[in-house]
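Presented below, as structure tokens, is a lone chain in the form predicted on its own.
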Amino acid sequence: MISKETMKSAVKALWLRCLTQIPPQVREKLREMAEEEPGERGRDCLKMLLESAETAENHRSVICQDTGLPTFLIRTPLDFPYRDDLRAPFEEAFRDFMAGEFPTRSMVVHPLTGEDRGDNTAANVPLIQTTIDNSLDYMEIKAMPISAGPASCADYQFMPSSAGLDGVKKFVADTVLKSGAKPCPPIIVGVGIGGPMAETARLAFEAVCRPVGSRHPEADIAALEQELLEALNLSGIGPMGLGGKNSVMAVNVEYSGVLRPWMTVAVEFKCWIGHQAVCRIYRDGRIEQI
């Protein structure tokens, strides 16, 4: 049986890694952008971002003071041998961190009263989304901090079905252009298409969680991702809004069916850090940080 202490240990290591290391795909993409960026300011900015990430990892310090809204995506088989309260190890891990193990800026408060517990927990926070997947023989936990700047630029549009694909493209482009430098580019853009509002937003979040460099398995959706990526990089926003050809690292699209009269689309952002880390907990208690 997996203990609460095992879960808490996994969550602590996962969150620490998420805040102090950028994903390897993001690191490689930033290096590629730095080599091909024609403008001196944009090129120097990308190199500075890489140096900041390296310094944070070497000194085990946060890459950005905005450590985000703690968010975790869990995939687990139904018979996984953990029987305690699922939320408890997450909340306890954050309290331990803020009590002295790894204190960070307190970002999370009550939405109406502003009450701050001082440990980055609140009602329903950390956010935990669980998916049952009986094809797995382990529990997989993905940490995804939702940072203030990128999250404030997210948007949703309900439009008539006559708007079609052109309407989707225009909304995505308008949303990115309107956001400018606010989400700290070069950014990752997640696009959700179809379903009612809750489903469309979920799809956009699922899309922005995909690794940089991945492509949708359906050829027409993959082609749309590439088309949007190329178009958005014509915006000239550039790294951190300083101008240049590298404004967007990736555009990922997910979709669901929709009622005939509707066309719905949502856009989510992640900043240049691409905050994300994954671990797996096996039935024998072994923890693997991916």
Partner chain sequence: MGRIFHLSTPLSEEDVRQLAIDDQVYLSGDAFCMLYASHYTMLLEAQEKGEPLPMDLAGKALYNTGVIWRKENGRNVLYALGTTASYKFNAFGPAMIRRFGVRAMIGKGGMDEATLEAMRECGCVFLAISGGATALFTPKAEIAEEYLPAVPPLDNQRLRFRLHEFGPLLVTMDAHGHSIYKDAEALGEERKKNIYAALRIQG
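Here the structure is a predicted model, which means the values were calculated and not measured. Numbering follows the first chain given and starts at 1.
The form predicted in complex with the partner chain exists for this protein as well; it is not shown, and the discussion that follows is about that form.
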4.5 Å heavy atom contact, L234 and the partner chain in the model of the complex: yes
4.5 Å heavy atom contact, S256 to the partner chain in the model of the complex: no
Distance check, E32 to the partner chain in the model of the complex, heavy atom within 4.5 Å: no
Exercise: M48 in contact with the partner chain in the model of the complex, heavy atom 4.5 Å: yes
Contact stretch among 80-88, 191-199, 134-142, 167-175 - heavy atom within 4.5 Å of the partner chain in the model of the complex: 167-175
Contact test, all of E37, H216 and V278, partner the partner chain in the model of the complex, heavy atom 4.5 Å: no
Heavy atom within 4.5 Å of the partner chain in the model of the complex - the one residue of T71, T104, T121, T76 that qualifies: T104
The partner chain: the contacting residue among V125, M98, A154, I146 in the model of the complex [heavy atom, 4.5 Å]: M98
Partner contacts in the model of the complex for 38-63 (non-hydrogen atom within 4.5 angstroms of the partner chain): E40, R41, D44, C45, M48, L49, E51, S52, T55, A56, S61, V62, I63
